[in-house]
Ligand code: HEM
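Next up: just one chain, as structure tokens, the form predicted alone.
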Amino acid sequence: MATIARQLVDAIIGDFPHHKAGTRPVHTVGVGVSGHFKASECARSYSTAEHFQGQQVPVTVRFSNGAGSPVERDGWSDVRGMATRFYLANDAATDLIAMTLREFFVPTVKDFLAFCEAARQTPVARQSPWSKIADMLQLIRPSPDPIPGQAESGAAGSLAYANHHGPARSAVFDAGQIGAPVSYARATYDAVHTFVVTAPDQARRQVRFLWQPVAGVALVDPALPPVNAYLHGELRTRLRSRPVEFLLLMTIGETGDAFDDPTIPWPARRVRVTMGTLTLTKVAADQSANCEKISFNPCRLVPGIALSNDPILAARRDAYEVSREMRGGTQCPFAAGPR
């Protein structure tokens, strides 16, 4: 019997029949860049974590497309990823993994396995206008039209699952309308899960993190034909002329917020604190060593930041390790520890 972590990875790979062995199960296509992070003056008052103390911290960031296909379909509507590693003293490090979706699809591991089964790729066809009207009259969201050149999709299965499972609706519906960014540097990336930060006075706060682009958010015009590959070239061109900057925003949860359920966004009126500025300066020359071999893990944390009781967040630790082992990535420090 495969471990739960292996079941999760296999389920994800099963959703992409053209997945290439030896690559990440999802967010397969990516590009690595380097730069630094500098915390804001107030960050240290909220967390004792080393990278929030004000010094300049080197970083590596991997931007990615969400699909598990090795084809660069940059112009397709898809979730994008931003995985950040902060390099700390004495060879320590911590990671923050975010995406252009503000919530996750399911609240539990069992639900995730069922969702992956439902979301397997099937041949796509344009739904007739009458069928769409019939769905809307039943308060069912119609199937999205296929992208030009798209032969298979998991959208219909995902939508069918969401129509019968309330917690999945927000993420599935948002993902269906997410679009394509004009640049990796012009998208907002949400870390989705709740973390617990500890302040110098030992006050503990439930928080969520968000990367906000200084250049602003911009999407490709959906009326234009999709372009397969442009995001990597656009980022290289952009960085040759100027750095790319993001603000790290931390939202502070309040009593009644969903601390352990990543399918539920928090109210927009919650307090947000600017924890620092990320400045990216160049694309990594060695994409294998400084991007593809790096094993980012959302549970790779340092004192001052801890996991919440979110079961999906906890499950990601071992699932990411299984993925790393399958593709020969660099070992995480807790790889040999208890699971």
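A residue's number is simply how far along the shown sequence it sits, counting from 1. Bear in mind that the values here come from a model prediction, so they are computed numbers and not experimental data.
Note that the form predicted together with the named molecule isn't included here; everything after this is about it.
Exactly one listed residue, out of Ala180, Ala175, Val192, Leu248, brings a non-hydrogen atom to within 4.5 Å of the named molecule in the model of the complex: Val192. Here is the short version: of Leu231, Ala171, Ala155, Met99, the single residue with a heavy atom within 4.5 Å of the named molecule in the model of the complex is Met99. The stretch that touches the named molecule in the model of the complex, counting heavy atoms within 4.5 Å, is 57-65, out of 57-65, 301-309, 41-49, 274-282.
Residues Phe16, Trp76 and Leu159 are none of them found to lie within 4.5 Å of the named molecule in the model of the complex, as judged by heavy atom distances.
Although the partner is absent from this view, Phe37 stays clear of the named molecule in the model of the complex, with no non-hydrogen atom inside 4.5 angstroms. In the model of the complex, at least one heavy atom of Ala83 sits within 4.5 Å of a heavy atom of the named molecule. In the model of the complex, the named molecule sits within 4.5 Å of a heavy atom belonging to Phe112.
Using a 4.5 angstroms threshold between heavy atoms, Val33 stays clear of the named molecule in the model of the complex. Looking at 6-31, the residues that come within 4.5 Å of the named molecule in the model of the complex, counting any heavy atom, are Leu8, Val9, Ile12, Arg24, Pro25, Val26, His27.
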